[in-house]
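Okay, so here's just one chain, in structure tokens, the form predicted on its own.
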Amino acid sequence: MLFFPWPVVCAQRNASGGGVMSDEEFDSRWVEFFSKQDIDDWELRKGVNTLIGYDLVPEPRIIVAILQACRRLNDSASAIRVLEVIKAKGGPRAAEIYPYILQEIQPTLDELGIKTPEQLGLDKY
């Protein structure tokens, strides 16, 4: 039998009890984050990774903000990767969701000169 002369303390995490964020607030915060004029490569990747970690497909206006940040950073590879990940996030409903997203962001893709993975032939592998 082991005897510990000091008390054993168990860690406890208390929730902050903060309010629930509305969908509109969530979207606006991410659009604001990606619209920062001084965003750098690390912040872009960190933000995209965090956003993609949520159990959701980002709204088109968030995707537009991400693509515009990619253009400001001259990072076309990240723009293409974001589109690939958005398609993958659709899961079994990707056939419904991805075309809708592309339809909504197409004016931005055209304006920024960004091609989709399908246009680049990257969906063949």
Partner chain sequence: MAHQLMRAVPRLVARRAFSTSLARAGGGGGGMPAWQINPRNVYEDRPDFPMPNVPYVSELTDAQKALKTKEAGDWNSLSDEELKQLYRLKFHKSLAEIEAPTGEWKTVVGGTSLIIALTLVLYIIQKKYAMPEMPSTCNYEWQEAMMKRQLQMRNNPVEGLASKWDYENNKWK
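Residue numbers count along the first chain shown, from 1. Here the structure is a predicted model, which is why all the values come from computation and not from measurement.
Unshown form predicted together with the partner chain; subsequent notes refer to it.
- Contact with the partner chain in the predicted bound form, judged by any heavy atom within 4.5 Å, is made by just one of Val57, Val48, Ile39, Ile62: Val48.
- Although the partner is absent here, Gly19 lies well away from the partner chain in the predicted bound form, with no heavy atom inside 4.5 Å.
- Among heavy atoms of Glu111, some come within 4.5 Å of the partner chain in the predicted bound form.
- Using a 4.5 angstroms limit between non-hydrogen atoms, Val31 is distant from the partner chain in the predicted bound form.
- Taking non-hydrogen atoms only, Ala77 approaches the partner chain to within 4.5 angstroms in the predicted bound form.
- Using a 4.5 Å heavy atom cutoff, none of Arg93, Ile97 and Ile101 lies near the partner chain in the predicted bound form.
- Counting a residue when any of its non-hydrogen atoms is within 4.5 Å of the partner chain in the predicted bound form, the hits in 82-109 run Val82, Glu84, Val85, Ala88.
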